[in-house]
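Starting off, we have a lone chain in the form predicted on its own, written out as structure tokens.
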């Protein structure tokens, strides 16, 4: 019987294990943590976002400059694993899904744990009558590279242990990125591969928050840290985000994080323009501000005429001088394009995901490393990124499937 080693027990590694074991391949799956799927479970704590209901052509655009590499994994006629396939796969595990108002797809009960339990049960107890082979799990095994004999090395509780490369047919690496280190994704694999000549792009935060520059005043952050900004837009993109003690974070910021991060990398800082009133035209905002306010304070006037209050009003007072606040045209311009300067991304370990990793130029179309025959990569350790909304998980699952199918092809099964 052929044996394949998978290192990493996240969605990509588990999907690779499922595909391989269903084809009669013995899978030994290793993970540094006490149990698999820890980041998957935490990501689903507020509702597991499995995928997105975007049309296929739009879905693929979410992968930016790596669309050409990711799209075939989602849409290939025989082996693509896109949004529809994710929902079918979940249904096969007994998990009913629904499409939320934003187009995001969730399990009906919104929970990650039932899906993971059903998935692991299927991996441990496959249909042997159909040729399935139970996956063998090895927890608390942290991969530390290869020894001089080409054996895979692991740090385990009672010392260092080696498993021979000669004893396995192929290796699938699905080690994640470098965010949420406490859940097992520490990016340590990057150096291990680079020493073997693999081209790895630096790991950087993605879907992350940012620190403003200059810092918020003590009054503003004490009053508004944790407050959401709803019904706003940044450079035409609508959504919402949250004020933090040091800056900003949340879904609208995450959607733009790659552009913001890259601009900071080039220029040292960057700025975005916040539309506090996306449902109002510039002309109407100016007209409402200029409307006679009698004895009302400016704050009361803006609240009654434009609905501006709370954190939105606080931002205006934080970022505009008294002179500009009392200049109707300048205030109207700020309401429609308030300039917020960012000085840095938050640390990588706080990010939801990471960009960078094994460059696609370093792997074959089947995700095998050019420099290491029989070693495949899948999931977030590859050099791609996507916004939140189900796109991250879908591509992790799709790449795990692609890597496993490539292993099967290489083994001529």
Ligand SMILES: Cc1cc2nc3c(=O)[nH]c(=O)nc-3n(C[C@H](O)[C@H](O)[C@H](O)COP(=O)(O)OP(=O)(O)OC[C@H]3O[C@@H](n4cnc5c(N)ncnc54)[C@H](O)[C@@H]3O)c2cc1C
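Numbering follows the first chain given and starts at 1. Not measured: the values here are computed from a predicted model.
There is another form of the same protein, the form predicted together with this ligand; it is not shown, and what comes next is about it.
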item	value
Proximity to this ligand in the model of the complex, single hit among 137, 143, 220, 89 (heavy atom within 4.5 Å)	143
Position in contact with this ligand when the complex is considered in the model of the complex, options 369, 32, 60, 345, heavy atoms within 4.5 Å	32
Segment that reaches this ligand in the model of the complex - one of 65-73, 355-363, 369-377, 40-48, heavy atoms within 4.5 Å	40-48
Distance check, residue 184 to this ligand in the model of the complex, heavy atom within 4.5 Å	yes
4.5 Å heavy atom contact, residue 16 and this ligand in the model of the complex	no
is_contact(residue 12, this ligand) in the model of the complex, heavy atom dist at most 4.5 Å	yes
Exercise: residue 205 in contact with this ligand in the model of the complex, heavy atom 4.5 Å	no
Any residue of 389-408 that, in the model of the complex, places a heavy atom within 4.5 Å of this ligand	390, 391, 392, 393, 396
